[in-house]
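Next up: a single chain in structure tokens, the form predicted on its own.
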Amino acid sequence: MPREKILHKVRTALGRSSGQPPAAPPPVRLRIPDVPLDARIESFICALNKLNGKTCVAHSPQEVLDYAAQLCEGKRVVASNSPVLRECGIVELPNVRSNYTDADKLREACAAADIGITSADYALGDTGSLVIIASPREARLISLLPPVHLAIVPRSRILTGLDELFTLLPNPAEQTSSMVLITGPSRTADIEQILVRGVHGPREIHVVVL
């Protein structure tokens, strides 16, 4: 069937004529449920645990440091330049390397590391997802390349879900070249429907809610 005939049928079905400009798109509808912070935290932990993530609620920076020290003992660790990690004392641990400003050196460190430690800009309570906005403070390689990822998330950054995120960041591309949503350990079942973890990113993820 000739192209113009096909397009004519489509226009007719839509009640439009040739050359008529399309109607304005409907307004964006974002729904933010009224969920107390404690319920958001509980939902986030439950969702992430179902995805085989490991979670912990810390009531002080010292508890965060104790968790990180135990997890990282005897391991090669690279940490982001996040102020949250510095406030918790994580970058002072003897086997943690941080404060990278050179991209090539950071890539080498991440490729050799056993564990990457970051904070998260936000977390989504309904899906257990971490939201990391790439910046000099949070290089995305640290959360993607080492086989284990540890994220420290202040409780105030846990949102209800994507709708709330996009009310805070309506145009992410204006702020960053990359916004990564991490939902549990990396996994794929592309080959014979067999689930394999750690193919496209860390096979293990730990999240400490501060």
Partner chain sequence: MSKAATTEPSKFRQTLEDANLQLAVYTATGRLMEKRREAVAADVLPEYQELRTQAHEIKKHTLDNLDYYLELFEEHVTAHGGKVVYCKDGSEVADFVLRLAKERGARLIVKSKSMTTEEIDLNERLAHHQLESVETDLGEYILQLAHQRPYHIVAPALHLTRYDVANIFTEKLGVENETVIEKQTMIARGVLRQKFLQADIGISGANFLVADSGAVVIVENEGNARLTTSAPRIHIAVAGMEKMIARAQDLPVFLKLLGRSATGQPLTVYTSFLSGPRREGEVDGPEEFYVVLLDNGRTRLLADREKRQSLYCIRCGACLNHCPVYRKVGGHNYPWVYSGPIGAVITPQYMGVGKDPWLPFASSLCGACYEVCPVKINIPKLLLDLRSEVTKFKAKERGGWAERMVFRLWAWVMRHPRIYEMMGSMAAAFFPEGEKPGWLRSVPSFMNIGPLKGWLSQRDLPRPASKSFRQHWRSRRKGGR
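Numbering follows the first chain given and starts at 1. The shown structure was predicted, so the numbers you read here are calculated from the model rather than taken from an experiment.
The same protein also exists as the form predicted together with the partner chain; that form is not shown, yet it is the one meant from here on.
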| item | value |
| --- | --- |
| Which of 155-163, 65-73, 35-43, 52-60 lines the interface with the partner chain in the predicted complex (heavy atom within 4.5 Å) | 155-163 |
| Touches the partner chain in the predicted complex: Leu106 (any heavy atom, 4.5 Å) | yes |
| Partner contact for Pro136 in the predicted complex: the partner chain, 4.5 angstroms, heavy atom | yes |
| is_contact(Thr101, the partner chain) in the predicted complex, heavy atom dist at most 4.5 Å | yes |
| Ser82 within 4.5 Å of the partner chain in the predicted complex, heavy atoms | no |
| Within 127-145, the residues that have a heavy atom no more than 4.5 Å from the partner chain in the predicted complex | Thr127, Ser129, Ala134, Ser135, Pro136, Ala139, Arg140, Leu141, Ser143, Leu144, Leu145 |
